[in-house]
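Only one chain is shown below, in structure tokens, and it's the form predicted on its own.
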């Protein structure tokens, strides 16, 4: 009888354990699917907001550009509009019109032509006065609120500006999202600035990182390695803002004095900071890859008469080449995605990079600096999301490359 009870108890316990295992398994499966759905939703939201920029008008929303009816110009792009209102383009012949001087006119300038009482008590005559100004000047380019245009538009002509295009964004050389009447969303300086700083940071970090990795893997004693490895891994956990403060206080003045520059916040200072931040990743991954080289291969090389250095660069490094490549790629990924440290030491000048000793701006720094000021849903807001899409694609390519290289390493082992 007792045996039957024991069997029943055991069977009940087994069934309970199976149900518990199934419940835990279902919980883990649900967690995985929820994570996947969240990632997909974030990605969709990011690209949806970003690509909404190409539905935004070139001119500020609610405003139009007006010219004299006799003006043959039908369309102006964002760059042409900016140059006209900055008085850099002064003749209509430069934008496809007649050889006539351009006179930019902004809405508030109407008070230079008429006294306020002439507009009527409720400004009901304001549209007519605006039309008179435009119709009376063949060279005018007026930037006016659409709500104040006259009902009868026979005396004015609206110039088509269209929407912001892919060429404007990816090929534009000016990033001035608060410019009026046509904000400039040229992301090329930001993209090149990001790649520029990351490339030179890796050029600095790679030889240093490889040197330390070789020393720790092949030359350092066990006691020294046990001290160095945790210390280097600890560097990876330091917040980026701390690196930024270090760069601002130490590296920036040092760069300014060493190269006799007017300011120390330059691309070179950003390269040095990013190189320091990428070192722990490069050292750790490369060192682990080299230590995974089979001892038999080292002994075989030494037994054939090779020196220790010959064994390192002819056996160990070639065998660990996939892991070393992964270390480089991951180091690049760290450099590309860095925000605060770069924001603090590079000067934040959205200009085309031509020298390491000039201020620049990167994509992450731009997003961090401007997102809080951009009106939600506006063109500026959408442009920052589109920059996030670019950064997402860059880091995705880097991550996939690192995974493929690591997979190749595992297969080789």
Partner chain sequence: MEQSKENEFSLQLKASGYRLRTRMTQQVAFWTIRLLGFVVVGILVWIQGFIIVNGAGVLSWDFLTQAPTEGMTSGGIFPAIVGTLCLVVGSMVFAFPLGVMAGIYMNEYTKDHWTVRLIRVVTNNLSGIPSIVFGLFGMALFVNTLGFGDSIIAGSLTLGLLVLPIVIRTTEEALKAVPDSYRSGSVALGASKLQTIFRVILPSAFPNIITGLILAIGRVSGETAPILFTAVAYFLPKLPTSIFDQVMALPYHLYVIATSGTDIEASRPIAYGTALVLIIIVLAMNLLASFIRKRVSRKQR
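Residue numbers count along the first chain shown, from 1. Please read these numbers as outputs of a predicted model, since none were measured by experiment. Basically, rigid core = biggest C-alpha set you can superpose within 1.5 Å across the two forms.
Only in words, not in the display: the form predicted in complex with its partner chain, which the text now covers.
- Taken together, the three residues 41, 250 and 276 all lie with some non-hydrogen atom within 4.5 angstroms of its partner chain in the predicted complex.
- Shown alone, this chain has one stretch from 51-59, 64-72, 352-360, 383-391 that lies within 4.5 Å of its partner chain in the predicted complex by heavy atoms: 383-391.
- Residue-level contacts in the predicted complex: of 113, 199, 245, 259, one residue has a heavy atom within 4.5 Å of its partner chain, and it is 245.
- Only one of the listed residues (100, 208, 263, 158) places a non-hydrogen atom within 4.5 angstroms of its partner chain in the predicted complex, and that residue is 208.
- Residue contact with its partner chain in the predicted complex: residue 136 places no heavy atom within 4.5 Å of it.
- Its partner chain is not drawn, but in the predicted complex it has no heavy atom within 4.5 Å of residue 96.
- Looking at residue 395, you'd find a heavy atom of it within 4.5 angstroms of its partner chain in the predicted complex.
- Mapping the unseen interface onto this chain, residue 378 falls outside it, with no heavy atom inside 4.5 Å of its partner chain in the predicted complex.
- Residues from 366-383 that approach its partner chain in the predicted complex with a non-hydrogen atom closer than or equal to 4.5 Å are 367, 368, 371, 372, 376, 381, in the order they occur in the chain.
- After superposition on the rigid core, the Cα of residue 24 moves by 2 Å or more between the shown form and the other one.
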